[in-house]
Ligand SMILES: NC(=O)c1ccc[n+]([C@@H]2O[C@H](COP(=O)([O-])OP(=O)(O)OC[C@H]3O[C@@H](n4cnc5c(N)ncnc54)[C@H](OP(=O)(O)O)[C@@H]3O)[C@@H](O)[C@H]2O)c1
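Just one chain follows, in the form predicted alone, and it is written as structure tokens.
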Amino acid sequence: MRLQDKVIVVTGSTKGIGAAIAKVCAAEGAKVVVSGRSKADGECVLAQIVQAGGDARFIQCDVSNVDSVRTLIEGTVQAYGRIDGLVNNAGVFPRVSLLDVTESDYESVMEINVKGAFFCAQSALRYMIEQHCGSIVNIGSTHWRMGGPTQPVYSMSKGALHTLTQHIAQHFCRKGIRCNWVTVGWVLSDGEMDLTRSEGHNEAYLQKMLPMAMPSGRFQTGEDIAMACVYLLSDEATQVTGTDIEVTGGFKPEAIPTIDLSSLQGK
């Protein structure tokens, strides 16, 4: 119960990594606010948390809309009286080469991945400053430095989020607020699997990629990411800010272009 009675908001927690983070935080004693665009998916995650004995609420939110973000944070404080932690997990990761990116592609990624996280943090910080305590965890990616050949905008968005992490950590530490980053390796979430299939690959292809791409011998899970978040949100990490916890199993995306994928194509 490392998060006993802490109020934690997890954006993009209606499925995938976010849902895993919400469930694990609830299991660790937190009062969790599940949020996302899909009411049906959100209520499903909520029901699972409650059935397991957790305390949670669902607040529908589109993080690309600032009014929706403010409603999320204000609704959390109205429901629970405070906000102790925010996990900026909501994000999209389309795979499009730089030369094929449209204006719509660009705006969609930046509005959700950067603008959404920025204004979620801004809204939460206003309450955390009053409390003189709080922890913000930004979910990052191994792609933030340069990214793969089909992830130029996604990589830029994560680079911006990394900078935001450092900014908050440096300038709000004296107000009792911490901000940290979790680097996600390769999680086979529903969204990741959908993209993989859309590119003509299947699970067998991923299993053949595994020994070449993942030194640890397995892909990461949402629960792996969640446990890093639990630590950073807990009182065990009161002196931890501006840090990066890599939950990657040794995965380095820059090594992927050196692998001959021709023999794996479509398999």
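So that there is no doubt, residue numbering starts at 1 and follows the sequence shown. Only a predicted model underlies this, so the values are computations on that prediction, with no experimental measurement involved.
We do not show the form predicted together with the ligand, though everything after this point is about it.
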Q. Among 167-175, 121-129, 73-81, 152-160, which stretch has residues whose heavy atoms lie within 4.5 Å of the ligand in the predicted complex?
A. 152-160
Q: Decide if the three candidate residues 62, 93 and 185 all line the ligand in the predicted complex, where lining means a heavy atom within 4.5 Å.
A: yes
Q.
in the predicted complex, is there a heavy atom of the ligand that lies within 4.5 Å of any heavy atom of residue 180, even though the partner is absent here?
A. no
(Q) When the contact criterion is heavy atoms within 4.5 Å, does residue 140 count as touching the ligand in the predicted complex? (A) yes
Q. Counting only non-hydrogen atoms and a 4.5 angstroms cut-off, does residue 37 reach the ligand in the predicted complex?
A. yes
(Q) I'd like to check something about residue 112: if you look in the predicted complex, is any of its heavy atoms closer than or equal to 4.5 Å to a heavy atom of the ligand? (A) yes
Q: Would you give me the residues of 220-248 that have any heavy atom within 4.5 Å of the ligand in the predicted complex, in order from first to last?
A: none
